[in-house]
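As structure tokens, one chain now follows by itself in the form predicted on its own.
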Amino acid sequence: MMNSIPYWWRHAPPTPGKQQNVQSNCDVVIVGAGLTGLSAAIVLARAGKSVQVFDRGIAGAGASTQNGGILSGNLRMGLTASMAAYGPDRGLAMYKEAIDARRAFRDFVNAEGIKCDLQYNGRFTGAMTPRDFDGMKRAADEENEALGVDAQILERQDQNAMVGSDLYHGGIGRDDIGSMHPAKFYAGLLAVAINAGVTVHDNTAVLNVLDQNHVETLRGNVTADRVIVAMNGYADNSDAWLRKRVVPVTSRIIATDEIDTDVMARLMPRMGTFGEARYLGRYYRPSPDGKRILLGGRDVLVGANPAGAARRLADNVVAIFPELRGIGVDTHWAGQVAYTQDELPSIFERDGIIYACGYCGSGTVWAPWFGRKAAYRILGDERARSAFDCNPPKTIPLYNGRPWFLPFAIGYYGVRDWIAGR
């Protein structure tokens, strides 16, 4: 029988913290104790600010410890399209900032000594059709020239150096994209925050963000100089304004049963990470110990049948690696990612409240980065500048926080993937 507890929690399960008194006054209140919230809190506490972080559940029990642990820092829009949509300077700056964000993650882990199975074994993004591959080659050439990255073009006959599958029509390799164990990373991040003097209140919901200086919590009201909202895909009724602008999307992951070492070496020669060039692309990787495959994708059934969604993901494993036919699913789980209408990571202010959200499934890199950016804003530090500074996102028509349209949208993009792959 399939387990529904995240694989990562076997090694570093989120646990309730010691309950502390809610202070009625502090310098900064942060709503959400995920990667964004804690990253902001660390910078602020080290600058001498008194910081209280509130989370309605156990700290870290959301997407912060339930993601795939792939450090892509992806942007949904390609470099050329970004430059066309936002202007050459800003479009290029967004991609340069993604490089900085990836580097900052690695530097932080090393500087703080966080043991989270951080590895840089390369990432392969597979082309589903020859036409996809032609576009990917052009994009890789553009990024190599404009950004100085080393995006490696792998023809179909060469791709087995990274992936033991004949499904793809070539792909792109990147050595600057790594992986980590998200629950171990979060445990380390939380320890750093607490050691810096941050007060974390888990199981303490924020009931209402009254204004830029006042929040109402389950255990008392707090007055602060500034407020940061860092809920991303877990926005709730405490901020009805935000819920109309951010769409939570369920991303489900499975961990297979253990696979023989020689088979894993054949399927994933470099033990790197993997993605696909399609609308509903799957992402996958080996477990840090190299014994299982972890594969994720958007929950096509949108939570209605979790076990069915897990079996569907197992079928996807076999579609990529046919020799694994009959492979069992050890466990499956799901977390919420968040999209705004323009599908860009966003940092903005509204009535003095700072928001960071909309990571579009790449929050392992973007959430810590924007958490620090939010903190620098409060400190008046020039490092607050970002190419992703924006006006508050627009409301989504006919949307009030309940994403009723997701089954239709996912079905639509699934059909487009099917047509493109014929």
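Position 1 is the first residue in the sequence shown; the rest follow in order. None of these values were measured; they are calculated from a predicted model.
Note that the form predicted in complex with a small molecule isn't included here; everything after this is about it.
Student: Look at the stretches 309-317, 334-342, 157-165, 111-119 and give the one with heavy atoms within 4.5 Å of the small molecule in the predicted bound form.
Tutor: In the other structure, the partner sits against 334-342.
Student: By the heavy atom within 4.5 Å rule, which residue out of S82, S238, T256, T199 makes contact with the small molecule in the predicted bound form?
Tutor: Exactly one listed residue reaches within 4.5 Å, namely S238.
Student: Considering non-hydrogen atoms and a 4.5 Å limit, which listed residue (A374, V28, V31, I42) is close to the small molecule in the predicted bound form?
Tutor: Answer to the contact question: V31.
Student: In the predicted bound form, does S251 come within 4.5 Å of the small molecule, counting heavy atoms only?
Tutor: Residue-level check for S251: yes, a contact with the small molecule.
Student: Within 4.5 Å, heavy atoms only: does Y359 come near the small molecule in the predicted bound form?
Tutor: Yes, Y359 is a contact residue.
Student: How about F133: is it within 4.5 Å of the small molecule in the predicted bound form, going by heavy atoms?
Tutor: F133: no, not in contact with the small molecule in the predicted bound form.
Student: May I ask you to state whether V51 is within 4.5 Å of the small molecule in the predicted bound form, using heavy atom distances?
Tutor: V51: no contact with the small molecule in the predicted bound form.
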